[in-house]
Ligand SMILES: Cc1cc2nc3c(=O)[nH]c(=O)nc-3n(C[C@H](O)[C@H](O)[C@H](O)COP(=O)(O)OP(=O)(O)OC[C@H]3O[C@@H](n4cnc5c(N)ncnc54)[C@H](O)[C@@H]3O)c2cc1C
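In the form predicted on its own, a lone chain appears below as structure tokens.
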Amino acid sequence: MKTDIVIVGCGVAGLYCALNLPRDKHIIIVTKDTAQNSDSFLAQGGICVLKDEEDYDSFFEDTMRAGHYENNAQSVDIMIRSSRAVIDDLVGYGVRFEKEGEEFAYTKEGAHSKPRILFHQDETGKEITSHLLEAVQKLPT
């Protein structure tokens, strides 16, 4: 077997990675089980996003505190600042986050001090993973 890139795992990270690699690369995704049995697919919770610039400091502090301040601050900054673009990508792939009218509905989970979690019913993982898997399956082989 000859390939340019091997991705191990068909959860959200692996699928999103495959969708963001150059299209001229031959990619193989290997997994120990079906996508429907991945931890991503089975996840119930939501995905955090920077709602607006005023939320940045609080989001950063919540994330650092949750990691007992052992997180790489630069990585946390990148994660927070890129979160809206990732959400936009997911919505572009068909992911349907809960809304209140025309606006996203945010909830509060885990270590977050403010509502900044987007979700889909109680099966956000299934919603995200299934749409990403569908997009990956449409990629040219």
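Since the model is a prediction, treat every value here as computed from it, not as a measurement. We number the residues from 1 along the sequence you see.
The discussion below concerns the form predicted in complex with the named molecule, not included here.
For a residue to qualify, one of its non-hydrogen atoms must sit within 4.5 Å of the named molecule in the predicted bound form; none of 58, 63 and 111 qualifies. The partner is absent here, but in the predicted bound form a heavy atom of 31, alone among 31, 107, 82, 72, sits within 4.5 Å of the named molecule. A residue is said to contact a partner when one of its heavy atoms sits within 4.5 Å of a partner heavy atom; residue 12 meets this definition for the named molecule in the predicted bound form.
In the predicted bound form, the named molecule sits within 4.5 Å of a heavy atom of residue 39. By the criterion of a heavy atom within 4.5 Å, residue 45 is counted among the residues contacting the named molecule in the predicted bound form. The closest heavy atom approach of residue 8 to the named molecule in the predicted bound form falls within 4.5 Å. The candidate stretches are 98 to 106, 64 to 72, 83 to 91, 45 to 53, and the one lying within 4.5 Å of the named molecule in the predicted bound form by heavy atoms is 45 to 53.
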